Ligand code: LLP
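Encoded as structure tokens, the following chain is the form predicted on its own, with no partner shown.
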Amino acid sequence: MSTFTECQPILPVSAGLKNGKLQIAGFDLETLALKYDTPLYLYDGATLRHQVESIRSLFGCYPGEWEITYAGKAYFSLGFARKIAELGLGVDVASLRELMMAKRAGFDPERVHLHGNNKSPEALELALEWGIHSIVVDSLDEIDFLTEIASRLGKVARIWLRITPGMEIDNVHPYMQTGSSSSKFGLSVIDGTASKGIQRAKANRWLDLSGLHIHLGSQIYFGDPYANALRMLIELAEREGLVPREISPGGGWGQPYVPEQLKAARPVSDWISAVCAAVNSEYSKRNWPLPKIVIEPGRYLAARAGVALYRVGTTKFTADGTYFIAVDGGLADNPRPALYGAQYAAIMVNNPEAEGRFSSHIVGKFCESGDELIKGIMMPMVQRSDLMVTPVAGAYQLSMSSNYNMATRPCVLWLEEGQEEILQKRERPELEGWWVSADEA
């Protein structure tokens, strides 16, 4: 088990202890659990602002324009989208529904970017009609597909091209690698597809090629891969006679999930300084006007801001002495341990400095052996109805959640000091229509 003291650097910045109990933004978690039930996801407004400002403060090193664009795939609901828009961020969306939600949330279309390797015609049409800043084209086929839609609507599409540099990043899970030569994303530099894409887009009257984009993957802790990829990108542009007005290195900066990962973590300044220095240097030596840099953090902004609050149910010892602790969430609200072997810490709400005594598996309630949230963690003896928090739950959990075993997705709250707000209501099976057949409706 990890104690509050050990986990403080990965907990929300407003987390603290009062009367020996864990609190967030001044709220008693037992009170919130009784009011909203569990599993319950909590987002701390102070932490999200802290993460945003930690990046904004670093861009003073860049003499050109820049923009922070939130990667909506990390977590997006209407309530959360509005919070992001209020902070003056752009948004990177990857589906029709995310695009519609961004519009409804009040984002300036000039700060919206549409990604995806297989965008629907409906999403492309809405992007053109709304007039978003850029459609990030992913393939030669999409250049032709988008041209057909743009010409039919009579609208010129401002685009970036997503370029795949053919780089693999050390110590990054294969599922999180997106810049390798075998990636399903983007136009490859290695086989010449990227060059063809630039030339085809430049010659197309329905496309305005304003920028180039890369995304290397996730949980990257070193600035050098970004700098190397950007140099490759700018060299490619020079060969093809293109001076990009905008450059995006994507996102993917790492976020520690457990105290043990704090040793390897690097400050976000390593990322921003590497990106700014590479772009400034490469453009300056070519006497090109500096481009706008657009970064797309998702996990870095949202992950630490969120925690998952679970209630303990069944506990038991197996024949080999392993202590199983089952909670009322699991695979359906957090598939990351099953998909990536992701690691998490656990803190008992009413005894946050308790030392672990038993080698334990914290598991969910779902009918899969792989429904294990945390394996081999040292835990104290716990009881049914005890509350447990897993930190760093704000990204790629709810956005990847499901209704497996017909589970209902949890309630999500936004917390400020003395103020709580529902971002996402808990699904209620007796009212939801997703499980009712046509003849029952």
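Start at 1 with the first residue shown and count on from there. Small disclaimer: the values here were computed from a predicted structure and weren't measured.
This protein has a second form, the form predicted in complex with the ligand, left out of what is shown; the following refers to that one.
Taking non-hydrogen atoms only, Gly251 approaches the ligand to within 4.5 angstroms in the model of the complex. Among heavy atoms of Lys73, some come within 4.5 Å of the ligand in the model of the complex. Taking the partner from elsewhere, Cys61 is found to have every heavy atom lying beyond 4.5 Å of the ligand in the model of the complex. In the model of the complex, at least one heavy atom of Arg336 sits within 4.5 Å of a heavy atom of the ligand. Remark: of stretches 277-285, 211-219, 189-197, 314-322, the one touching the ligand in the model of the complex is 211-219 (heavy atom within 4.5 Å). Contact annotation: of the candidates His113, Arg162, Lys119, Arg304, the single residue with a non-hydrogen atom within 4.5 angstroms of the ligand in the model of the complex is Arg162.
In the model of the complex, Glu296, Pro297, Gly298, Arg299 are the residues of 289-322 with at least one heavy atom within 4.5 Å of the ligand, listed from first to last.
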